[in-house]
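Shown below, as structure tokens, is a lone chain in the form predicted on its own; questions about how it binds or moves come after it.
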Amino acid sequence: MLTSIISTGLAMGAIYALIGITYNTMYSTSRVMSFTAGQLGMLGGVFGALFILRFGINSVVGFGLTMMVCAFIGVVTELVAVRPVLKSIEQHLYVLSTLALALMISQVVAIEWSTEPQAFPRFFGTAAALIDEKFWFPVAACAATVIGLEVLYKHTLTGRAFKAVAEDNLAAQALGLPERNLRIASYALAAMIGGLAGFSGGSLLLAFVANGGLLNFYGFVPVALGGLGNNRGAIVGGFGLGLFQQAASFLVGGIFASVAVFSLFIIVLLIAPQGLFGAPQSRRV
């Protein structure tokens, strides 16, 4: 029982953490919470199953195509649901624009794919006890994403430009940085991270249109708990949420596990409205 809670909890926590990072990456360059993050996770599973199972494409190529499609959806999100709102005085309308796009994505997938959960292919073909890839693949994907982002932000000019735009948009523009192009690139990057969450967690979640709404909420919880814009907080919050959710499922089961998650969420926000790790300190660019 304990082994199952830990293995499944860590795997689900990694998926939630990746969706939380997706939220943060989109938010960092636009100050917009895009509610398409969960849909991107869902699309990672759906397109992975579509390319590899239905079309019979090699797993590695299918993974690459899935990432490309998700990146394209991320760019479309910026162009259609975010950029028009940024030009508006009522910028809080992003709640409606991104949510509307998320619902449109779900409806199209439901019509063209299926409303029932579909099988997802094994990427590595390991299915023995705790080394089953459905447990370690999401954790490995999360670790690779964290390392990749650290290298990007600290050791590349593009990453430093991302951080400059995130910390002070106007100052970054004054320095001549291509703010619009960087925002598009950040949405493409975020969409790939979201797609990776769904692809790596496909063996657990299956290719299922309902995963969009589920990941939208459970992926937002780590962001709220860890502090908006704080990827490290989202990682800690994601793994903590995954373990807590699985423990609650074993102890109380059913709908009461969701009630326990909601209760924990509310209690933490009442104690620390800015999240357990607070908001990152702003610096002059």
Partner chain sequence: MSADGAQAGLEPLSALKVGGANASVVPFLAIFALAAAVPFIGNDYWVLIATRAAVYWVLVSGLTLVIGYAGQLAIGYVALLTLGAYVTSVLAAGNVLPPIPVFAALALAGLVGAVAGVIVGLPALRLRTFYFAMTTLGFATIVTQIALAWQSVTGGGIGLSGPEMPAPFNTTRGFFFFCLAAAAMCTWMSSNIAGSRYGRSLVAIRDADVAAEAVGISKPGLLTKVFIFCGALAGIAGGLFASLQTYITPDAFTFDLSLLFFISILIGGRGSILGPLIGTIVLTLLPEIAAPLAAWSAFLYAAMLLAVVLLIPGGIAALLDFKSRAPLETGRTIAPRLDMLSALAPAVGNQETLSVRDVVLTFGAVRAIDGASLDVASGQIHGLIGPNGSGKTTILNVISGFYAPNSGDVQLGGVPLEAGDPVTRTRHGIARTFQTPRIVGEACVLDNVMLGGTINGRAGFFATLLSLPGSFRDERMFRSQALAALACVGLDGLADVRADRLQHSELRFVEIARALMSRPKLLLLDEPAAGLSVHEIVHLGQLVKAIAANGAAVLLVEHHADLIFGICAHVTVLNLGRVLAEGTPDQIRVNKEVVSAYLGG
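In this text the structure is predicted, and so the values were computed from the model without any measurement. Residue numbers count along the first chain shown, from 1.
Only in words, not in the display: the form predicted together with the partner chain, which the text now covers.
- Checking 190-198, 92-100, 139-147, 67-75 against the partner chain in the model of the complex, the stretch whose residues place heavy atoms within 4.5 Å of it is 92-100.
- Contact check for Val259: a non-hydrogen atom falls within 4.5 Å of the partner chain in the model of the complex.
- Using a 4.5 Å cutoff between non-hydrogen atoms, Leu228 counts as a contact of the partner chain in the model of the complex.
- Among residues of the shown chain, Pro117 is not one whose heavy atoms approach the partner chain to within 4.5 Å in the model of the complex.
- Although the partner is absent from this view, Met33 contacts the partner chain in the model of the complex, with a non-hydrogen atom inside 4.5 angstroms.
- Heavy atoms of no residue among Val61, Phe135 and Ala247 are located within 4.5 Å of the partner chain in the model of the complex.
- Residues Tyr23, Tyr27 are the members of 14-32 with a non-hydrogen atom no more than 4.5 angstroms from the partner chain in the model of the complex.
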